[in-house]
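Next up: a single chain in structure tokens, the form predicted on its own.
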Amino acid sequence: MFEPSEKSGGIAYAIREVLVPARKLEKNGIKIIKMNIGDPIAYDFDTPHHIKEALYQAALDGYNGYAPSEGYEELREEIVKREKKRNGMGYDIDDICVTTGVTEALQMFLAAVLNAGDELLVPGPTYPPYNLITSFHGAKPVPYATIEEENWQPDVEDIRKKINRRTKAIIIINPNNPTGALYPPKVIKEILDLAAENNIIVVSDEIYDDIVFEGRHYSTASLAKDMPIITFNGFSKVYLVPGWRVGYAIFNNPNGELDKVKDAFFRIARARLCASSVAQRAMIAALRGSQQHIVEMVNKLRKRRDFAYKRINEINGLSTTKPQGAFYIFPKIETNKWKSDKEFVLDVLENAHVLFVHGSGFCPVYGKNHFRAVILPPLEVIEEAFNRVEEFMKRVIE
């Protein structure tokens, strides 16, 4: 029997792993309501037609070979224009690298900066690959507290306490996955001040930037234009193309502090060849074309957010804050009937046939006793799901 590497033993991705027991039930003819994965296309959303046409046209026009490793110039130019218009940032195309989704951007960044024993400050709870990939490199993900009673805002004092000489970067995910929190400028600036005091890189994951229900999203780099900040963004969520895998990293590097990290990042980019050529061409059309689908999507999601928030808080044994962005909600399990949140999720799956993701999969400290649900399904599906959950909770608790 051949043995896998030791470092592969720690790899586990909660969002997809809960699908394994769900598929076993489905093989027995049981219909599962899936509220586990942040894929709008799995529900009643669809890629705008002009973006689909652009993908097809790109293939017809011969864009079927390798693209430049850093991405097509035309796409990077459109990203520069978006950043100027939306965030007031004056980037150059050489500050941008197109990646195979945001997950590849963070893989490349972590490979470029982490050595064994380094630490990465991540929000607790967080998008799981930040923890997984950090550990894979022999470094340590350190979760900082976010405060549920304050709509999951970062606890800046907790960040301060956890900074030490091994801290390589602070991660901000705004709007947040899995909580749906939206961070105001004041909180972001406080984190930036800490980073500046301690000479630490800030990485801002902004993949959900245009999916906001109240207020507005402020890009981290726009709040500190003179600081070294790396922004991750992409097209999967806002442009409804999750399977096309196109993201990008932007280096805000006004004083050259990121020169060596940027060089390492782009060397890794060249080593892995390129992101999809035809998908990149389609994203040029996405940025140049109509943005009306974003307005319609956000309006639809706001209604679903409102309903899910109200409905969950009506269920005995559950409570939740109201998400302000993205398309997730992160309820709390208010009873100790289960040994863990994962046991709760599997019990709900087995007996109510609704699939969520256990909160400890996003952070064993600050995610425990919670679960994540998407607010992507149509209202009637969300209603049916939580009707089932309510009946289940009544049977267990009462």
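The structure presented is a predicted model; accordingly, all values stated were derived computationally and were not measured. From 1 onward, residues are counted along the sequence shown.
Omitted here: the form predicted in complex with a small molecule. The next part is about that form.
Although the partner is absent here, residue 103 is a contact residue: one of its heavy atoms lies within 4.5 angstroms of the small molecule in the predicted complex. Within 4.5 Å of any heavy atom of the small molecule in the predicted complex lies no heavy atom of residue 152.
Contact check for residue 146: no non-hydrogen atom falls within 4.5 Å of the small molecule in the predicted complex.
Proximity of residue 177 to the small molecule in the predicted complex: non-hydrogen atoms within 4.5 Å are present. At a distance of at most 4.5 angstroms from the small molecule in the predicted complex, all three residues 127, 245 and 328 contribute at least one non-hydrogen atom. Here the chain stands alone, but in the predicted complex its contact with the small molecule, taken as any heavy atom within 4.5 Å, falls in 205-213 among 68-76, 83-91, 277-285, 205-213. Only one of 188, 110, 170, 173 comes within 4.5 Å of the small molecule in the predicted complex through a heavy atom, and that residue is 173. In terms of contact with the small molecule in the predicted complex, the residue from 324, 219, 320, 236 that brings a heavy atom within 4.5 Å is 236.
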